[in-house]
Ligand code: 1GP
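Below, in structure tokens: the form predicted on its own, a single chain.
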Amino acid sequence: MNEGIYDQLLRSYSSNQKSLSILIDPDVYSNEDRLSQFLKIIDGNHVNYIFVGGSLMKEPDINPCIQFLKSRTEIPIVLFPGNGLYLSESADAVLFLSLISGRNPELLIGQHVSVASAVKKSNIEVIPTGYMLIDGGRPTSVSYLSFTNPIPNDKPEIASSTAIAGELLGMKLIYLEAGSGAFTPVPGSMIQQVRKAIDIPLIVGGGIDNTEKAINALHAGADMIVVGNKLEKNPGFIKDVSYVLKKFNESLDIH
């Protein structure tokens, strides 16, 4: 039996191995030429997962994007849905996101109900994920479209309590998100406090646009860092962040 994506994440978490995911927006990478360029950029670098998703969805069907990626890379493809339309059985897994930092019932449970039957009938691996928006210093697409306020970035106690609640409700992952193009990433002090509070893998994304911020997130306790928006502007950043991850794992005698 093949190892599932969540089994991989748990194995990495239990061995303290850090992971890197690249987030691509199918509206940005909307044709095979752009996707081919993306795959050339990540080729040979230390990329563990490719997340596919975004806050908006101009393309009505993401299957062509997923199928193209699956035909040309062995890197697992994980759906990062901005809404219930982001479903493709061609992907390896879907992060079934519940926006636990907000109070919008549609993103806590409403949209999940509308797609639940289709998701259960599919063959895709479902990973319940507690999604938490953290103030990144500017309004983001996620906060605007979700009608929710992010957790203040100087309130780690709120973040840790929210993460604990997510774990107790059965979430298998916690995802701290500062938002695409955030001025400031999730603070290290908040990552550290959340990491100490929960016993499930912790993903951190948003605003990681240089190696120092990547290193800080890893040292603070992120099990996986996610990079996306920066690569659209500076594709060469993948080499830098990949090298950071490789050297960090090597420093822990993890290969």
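Remember, it's a predicted structure, so these values are computed and weren't measured experimentally. Just count from 1 along the sequence shown to find any residue number.
The same protein has a further form, the form predicted together with SN-glycerol-1-phosphate, not shown here; the description that follows concerns it.
Per the 4.5 Å heavy atom criterion, SN-glycerol-1-phosphate in the predicted bound form is contacted by stretch 223-231, the sole one of 27-35, 62-70, 194-202, 223-231. In the predicted bound form, SN-glycerol-1-phosphate lies within 4.5 Å of some heavy atom of Leu23. At the 4.5 Å threshold, heavy atoms of Pro76 stay clear of SN-glycerol-1-phosphate in the predicted bound form, well away from it.
Proximity of Gly82 to SN-glycerol-1-phosphate in the predicted bound form: non-hydrogen atoms within 4.5 Å are absent; the residue sits far from the partner.
Taking the partner from the other structure, SN-glycerol-1-phosphate in the predicted bound form has a heavy atom within 4.5 Å of a heavy atom of Glu177. Of the residues Ala182, Leu173, Ala159, Leu107, just one reaches SN-glycerol-1-phosphate in the predicted bound form with a heavy atom at 4.5 Å or closer; this is Ala182.
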